[in-house]
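Have a look below at one chain only, the form predicted on its own, in structure tokens format.
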């Protein structure tokens, strides 16, 4: 056993971020393992200094004759949720051990927050511990299940992700595994959930000149290649789009030199080949300049992620295939750029959607609803059991809910309950929004056509009028529109996601599909 440090006058204490590090020596840590262990908060009635180690942490402490718990008591105030400390030289197999605060034990589902607090605490704590070890250039980390191996795996995988593909200097690549054998199945499931969201983050974060419609489709095709026995992929070219008379979609794409692609994915996971599919539709604007109704230049670069709907939908299908979920899913992603040019649609132009309805395009920056309109019309040919479309659709959604939750507009109480239940499990929340006829009247009151793409009062209830517009292209009794504009990126709101594009709500879509697979 190597040296360990107790509290003495001679100790060296190093503070980094929110953690206190007790250092002896950490040379060549990149060649060794790190370990993340959890500790719960004491109960209110208990004395200061009372420790509640997780089962794995208690076992580790016992193997050290109580030295870990001794150090935790000596090292300062009890660890709060998401805070961490690192100890060096405690164990010959683990040169550094990160202990993370998990909050209250068995906190459970919080009706006010609409999530499972225990799961969120685990994700946050494990993420903090893994990042701390990554900063120390430790390349392999074992992780305590903390009582929920899936949530622990999600925290590790999501917390360690950073888009640095185009940088010369990259973060240390860290491999993670479950410490012990508490719940290997749950851990592997959590890894797949986390990797699915990271795929969406990868697509959303990449520059628009690297993820064009064609490159997007190719990336998804490569990710689904290992599941060729269960997945069929159609990359529909412009000629096919024209044959389908998708005039609304074509009106958006024609301003760009990049050809549009209509990506169609069929995942056949159910042993019952006649099972109606779940239909997922994602907005795939790989760059949104606003078209002739040009956006302000400030922050326009973020519009490389305006294909977040398509990214989350396709990533969720990749994840469903990895999990081998016993459900049939069809994914549709109309992919194109929205650019200004001599060929671009002009404000006031009238276009015709696949279902024959004419649309007066008064603002070319309200383009997402146009490409979704044609995709929704087409999707009905599969007679789906439910339709869920996902889109970074309106700034108004960001104003309404911020980054706390994705807005859900739906004509089905059953579908809302399924989505809400899934979001409580994942912590990636949804919130129901209104679909009143009040909003429908605003988009159907058009001077030149059947519909107006921005409605009568463009600034009032913008997310609601956009949803009402989409509803005009839906006949299915179970349909939901998720406006994810507010959750597109992360600053510091979600502690286990680094700053950047969030990939939300991929895990909620996967959990929702899993719920349909297992509960019917």
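Numbering follows the first chain given and starts at 1. Only a predicted model underlies this, so the values are computations on that prediction, with no experimental measurement involved.
Absent from the display: the form predicted together with a small molecule. The rest refers to it.
With the small molecule left out of view, the stretch that reaches within 4.5 Å of it through heavy atoms in the model of the complex is, among 283-291, 125-133, 94-102, 243-251, 283-291.
The shortest heavy atom separation between residue 306 and the small molecule in the model of the complex is within 4.5 Å. Contact annotation: residue 395 falls within 4.5 Å of the small molecule in the model of the complex, judged by heavy atom distances. Contact check for residue 210: every heavy atom lies farther than 4.5 Å from the small molecule in the model of the complex. Within 4.5 Å of some heavy atom of the small molecule in the model of the complex lies at least one heavy atom of residue 454. Comment: the small molecule is not present in this chain, but in the model of the complex one of 68, 488, 468, 39 has a heavy atom within 4.5 Å of it, namely 488. Of the candidates 116, 365, 195, 142, 365 is the one whose heavy atoms come within 4.5 Å of the small molecule in the model of the complex; the others do not.
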